[in-house]
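Next up: a single chain in structure tokens, the form predicted on its own.
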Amino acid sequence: MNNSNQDVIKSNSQLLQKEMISRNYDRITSGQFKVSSTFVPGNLNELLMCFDIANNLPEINAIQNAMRKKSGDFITEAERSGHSEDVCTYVKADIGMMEKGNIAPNGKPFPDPDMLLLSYTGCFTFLKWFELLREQYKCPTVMLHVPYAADGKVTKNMRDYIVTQLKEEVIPTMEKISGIKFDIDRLREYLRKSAQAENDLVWMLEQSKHKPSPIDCYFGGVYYMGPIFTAFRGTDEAIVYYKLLREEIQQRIDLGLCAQTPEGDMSEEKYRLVVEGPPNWTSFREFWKMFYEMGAVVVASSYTKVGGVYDYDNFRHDPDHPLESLADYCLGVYTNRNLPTRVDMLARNVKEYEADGLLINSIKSCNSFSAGQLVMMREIEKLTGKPGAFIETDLVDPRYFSAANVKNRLESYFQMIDQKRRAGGSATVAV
């Protein structure tokens, strides 16, 4: 597939999303704002905005570099300096980028962060990553420890523990760095705007229940989730974006259109899938093309929950309980959920969205997603009666994307689905 921009068909919402992400990089590199580095799962964007702190997200930087075909060189550079091949490739892409000038996607150098904010939500790698960044930048590091929901439930003690940290550690540090006094009413207003955008977000996710689905909730979902999972949750811009997206999707439903792809609308929806695990970013469009050329659309995915789960238990940010709401958000992100909860979530998606089965893209260097995935797949097969399949790629390391292998596995899986439709029964295709 030719990946030049002139050949890629984009909707107005995709163009707006691209402009929003670009604008955030301009804000980060402008030199006019204090800057915090933080991660996507459990990020406290509304709180950062209370102190006029720009939000820089290392995973998003790695993704941007991967889609620009730059991450491979950065990873090689990091490995030359001693980082193992088994280390998360997001980390190595970030470290290698720093060693090669630390240039943002807009061509300007990233400023050194004024603080490192770690909302720990289930990924141990985040801890080690920020240790490396702390050694590099010598700036204040704040860790918001989020208890793991081991039994699948959030307790009052968990919530209170996070709220105490916010009051006694996180907010005072932000006040000191920014020179701005915390205003809880300002936070309430941002949370009110978050909830408004989140309502449209959930509406969007649920529209893939239509047949044909007007959207792809994995590949297309990357664009749909960008603003709310990065630096725009809590802003007027996010409200405008999700309103526009909602209007576009409703129009697609009214016209009976299949999901949009970079080459236009799918001509036919043959297979409906639920996908577990992040996508591969270095060959993102090639990966996506394999699906839509075979008539496969992803109607639900766990990756669209990695920055926050809104549809499973109806979470919305609550301006009437601002700090408690931030705590509940952090506690509920996908990577902080135990395996039985993830199984229930995905099995429910398979049933409610009338999917043909579950496909797992196991990421070689991402233990927080990959651990337990085969067990999850077999449990979901039992619960739904639908066949599962297992492929393996990586996040941003081009060495671990085998197009021929992935395509063969997908073809085998779709043949399995066809057999299932004709004869019933469940089966598994694994690497």
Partner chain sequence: MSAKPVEKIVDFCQGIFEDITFAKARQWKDAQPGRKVIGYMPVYVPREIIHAAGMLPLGILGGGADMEVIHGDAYYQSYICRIPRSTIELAITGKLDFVDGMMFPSICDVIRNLSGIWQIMFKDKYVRYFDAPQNFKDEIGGVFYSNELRELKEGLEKLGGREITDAQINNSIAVYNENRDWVNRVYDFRAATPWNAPAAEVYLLMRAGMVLPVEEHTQLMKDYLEAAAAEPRPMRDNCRVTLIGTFCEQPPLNLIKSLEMAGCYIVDDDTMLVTRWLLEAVPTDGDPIDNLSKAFLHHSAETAAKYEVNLEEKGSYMLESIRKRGADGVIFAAPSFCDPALLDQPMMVHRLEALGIPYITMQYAENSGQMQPIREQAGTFADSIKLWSSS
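Computed from a prediction, not measured in an experiment: that's the story for all the values here. Residue numbers count along the first chain shown, from 1.
Only in words, not in the display: the form predicted in complex with its partner chain, which the text now covers.
Heavy atoms of every residue among Val87, Thr125 and Pro147 are located within 4.5 Å of its partner chain in the model of the complex.
Here the chain stands by itself, but in the model of the complex one stretch of 277-285, 212-220, 149-157, 240-248, 149-157, has heavy atoms within 4.5 Å of its partner chain. When its partner chain is considered in the model of the complex, only one residue from Ser325, Ser178, Gln260, Gln165 comes within 4.5 Å through any heavy atom, namely Gln165. Out of the listed residues Arg186, Arg192, His83, Lys351, His83 is the one that sits within 4.5 Å of its partner chain in the model of the complex by at least one heavy atom. When its partner chain is considered in the model of the complex, Glu381 lies well away from it, no heavy atom lying within 4.5 Å. Its partner chain is not drawn, but in the model of the complex it has a heavy atom within 4.5 Å of Ile363.
Looking at Arg342, you'd find a heavy atom of it within 4.5 angstroms of its partner chain in the model of the complex.
Among residues of the shown chain, Thr335 is one whose heavy atoms approach its partner chain to within 4.5 Å in the model of the complex.
Contact residues in stretch 387-416 (any heavy atom within 4.5 Å of its partner chain, taken in the model of the complex) are Phe390, Glu392.
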